[in-house]
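Just so you know, structure 1 and structure 2 below are the same protein chain in two forms, each on its own as structure tokens.
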Structure 1
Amino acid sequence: MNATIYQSAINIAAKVGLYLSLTMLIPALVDLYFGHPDWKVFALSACLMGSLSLVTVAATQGGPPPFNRKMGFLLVNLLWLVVSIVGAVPFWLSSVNLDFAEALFESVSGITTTGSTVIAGLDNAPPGILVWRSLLHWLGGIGIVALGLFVMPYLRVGGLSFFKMESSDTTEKPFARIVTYTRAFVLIYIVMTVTCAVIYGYLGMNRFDAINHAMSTIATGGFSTHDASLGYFNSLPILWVATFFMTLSSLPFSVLILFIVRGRLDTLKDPQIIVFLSYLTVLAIAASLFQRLENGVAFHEALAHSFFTVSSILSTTGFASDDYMLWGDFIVALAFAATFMGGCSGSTAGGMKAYRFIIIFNSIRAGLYKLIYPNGIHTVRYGKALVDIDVQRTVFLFFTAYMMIWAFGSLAMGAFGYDLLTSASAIATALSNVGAGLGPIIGPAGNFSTLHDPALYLLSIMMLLGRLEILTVLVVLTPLFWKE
């Protein structure tokens, strides 16, 4: 590979590392405001990582980067790796006493908006650390949407543009200029966050909790300022508000932009939106009925907690209102299945995503029709758009790689000494960027603080694999990628 590509990728990654270092001043100011000595940790981290990034930028300065597909793959992987390491430094140096494996895990979980945590005692944690976790979520959410809308379609390994597959040859875009589109997205992202925070505050959260939970909600991250997550507030209205914003953030931002800015009602007909909302509703109502009939929970409470829990899992947010492990085996099985499903492409949600299920279903149906009528023409469509064979191949490749990595990862967790439920759900929740797993250790009532360092490193890799759509990482591990 051309050395200029390495230089350009490192230069861009270093610049992003510099920007992230500057944001460390925000939690430093928060700690300083509350009189917590950890402000020095953030100030020191900002200086160290900022200086290192600045030196790297100066050392790799050159002409415009020769952007091509190899450059894209390398840059995406390098960016997320650098951001994860830079984000880990304050955790490592802070008074929460995390070793590097734990600090890296917390950082990766934050920036990938997974929401799994190794920090116990959040209610008494330094305010700067709590803000840093939420900031990583919020900034990661912006990066995730940009990745899904602008980068993945170009690399043809994931992402779905507005009513178009990533390999489409048409030039229709939501906006004529990418700058206009980006500005609209960032503005809507900020407005959604502020609106969510204001409503949380109106419903009883203090200002600090409202801002932190709003950033986690809109980013579909799941980090909370309390060990009991949203269950701490014991408020059904808060659960319904969280459900609404988690679901909204699971929809394609390209659709939200066209709907909000241009009033395009037809955008809501995107097939993945219909499928996502359909399986969310079915699963939530099924959980509600089970809670009412089997556990005798009042229906309005069952409905609120069920919709919140299902939305939290499908949107891959990971908030909890209760320990649903105690609701019954049916709910546990439902939660495990939902962990794999995810939200829509072009959103902050993770998982396999609804559009892939649509393509897989239509591909299987077309294949079966072909067996019946071998001379017929049986196309695979996404809505009205024709899905070409390359896209079908990529979707099935992703699905196969996803299941194989989940299986091997579960075996590796088992080799570390963990039980089957913990192992299988830990890998699943990391790959899907959901947050909470199943079982007494990493379930909704627990956290990842008791896991050993090798397991934390493995799960950190899985979170990055899942967030980067797996194939983006696997492709740089092939020998062919590094050849000229």
Structure 2
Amino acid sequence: MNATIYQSAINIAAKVGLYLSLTMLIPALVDLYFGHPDWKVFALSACLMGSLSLVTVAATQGGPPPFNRKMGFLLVNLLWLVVSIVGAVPFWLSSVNLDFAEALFESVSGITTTGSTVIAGLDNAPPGILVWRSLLHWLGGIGIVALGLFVMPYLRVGGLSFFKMESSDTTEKPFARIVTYTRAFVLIYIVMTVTCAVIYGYLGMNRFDAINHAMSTIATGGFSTHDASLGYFNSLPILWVATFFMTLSSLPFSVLILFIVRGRLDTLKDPQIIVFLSYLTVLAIAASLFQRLENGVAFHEALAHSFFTVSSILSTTGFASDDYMLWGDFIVALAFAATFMGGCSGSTAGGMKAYRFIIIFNSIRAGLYKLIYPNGIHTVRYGKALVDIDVQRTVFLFFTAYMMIWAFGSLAMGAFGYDLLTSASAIATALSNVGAGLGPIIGPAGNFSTLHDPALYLLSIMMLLGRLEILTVLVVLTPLFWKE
């Protein structure tokens, strides 16, 4: 690879690092407002990382960046890496006393919208730190939607793309379209967050909690300002509102963007939306029935907690309303299976995502037909669209790579001394960016604060792998990528 690519990639990543450093002034102001001495930590981190970024930007200034696939892959990996490290600095320096592995984990968990936390005692944590965590979620959410809308389709990693659905719009210039769509998206994202915060506030959260939880909800992040997560508020209406916004945020943003920009609602017919909402409903009703019939919970409570919990996992948010480990073995199995599933593409949700399951199921059917009639033509469709062989391959590669990495990761966690349920659920929840694990340590009633550093580094890598759709990272790890 030629040097221009490195230089340009580092330059762009450093610019983003600079913006993120400036954002640290927000938690600094919050700490100042609440009179917490940690405002100095944020001010110092902003100066430190800001000047480091500025120097890097200046040192790598050059001509216009080259645009090709290698540059795309390199830049995406570098961006998430730089942002993770910059984001970690305030955690490392702050009064919450995290070592570097813990600070990096918390930052990666924030920016990847995973929401696993190593901070125990959130209820008494400095307000600036809590805001910084929410901000990382919120910005990470914008980043991942932008990546899904504009970059992944070009890199051919994400499978289906917004632009493919929109291939009829060839009249406009692509760049003008990107600007229009980005504006529409950020506007929608802000409006959703504000609406969610206002309703949370109306239902009894104080202003600070409402804003933080709204950012965490819309980004399908999962960080909370309380150790008991949403269970702290002990309010069924709040659970229903969270359920609504988590579910909305796991639908493709393209639906809302197209509605705002063009007044069109036809992308609502996207098969992944139907499939996602179907499996959400089926799992939630199964959990409700189990809660009602096995545990004798009042039906309206069972319904609220089940829909909340299932949509929290499927949207890959990871909020908890209760310790569902205690609900029964069936719920544990269901939560575990749901951890892999995920939401829709083009949203802030992670996991395998509904469209991949559609393609996998249709491919299996076509493959079985081919075994019966080897010479017949057996096409694979997504809705009405034909899925070409390259997209099928990418989906299968993603699925197998995901399962292999999960297996190896779980084995490594086992070697670090953790039991199988903790190991397997930690890797799965990190890869899917859900954030809540299973078992007594990292389950809904626990957190990641007791994990050793090697496990935290491993899980940080898993969160980044999952967030960048795995293949994007694996590509950069092949020798071929670095040749020439």
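All residue numbers here refer to structure 1's sequence, counted from 1. The model shown is predicted, which means the values in this text are computed figures rather than measured ones. Superpose the two forms; the largest set of C-alphas matching within 1.5 Å is the rigid core.
The form predicted in complex with another copy of the chain corresponds to structure 2; structure 1 is the other form. After superposition on the rigid core, the Cα of residue 408 moves by less than 2 Å between structures 1 and 2. Put the two forms on the same core and the Cα of residue 375 is off by 2 Å or more between structures 1 and 2.
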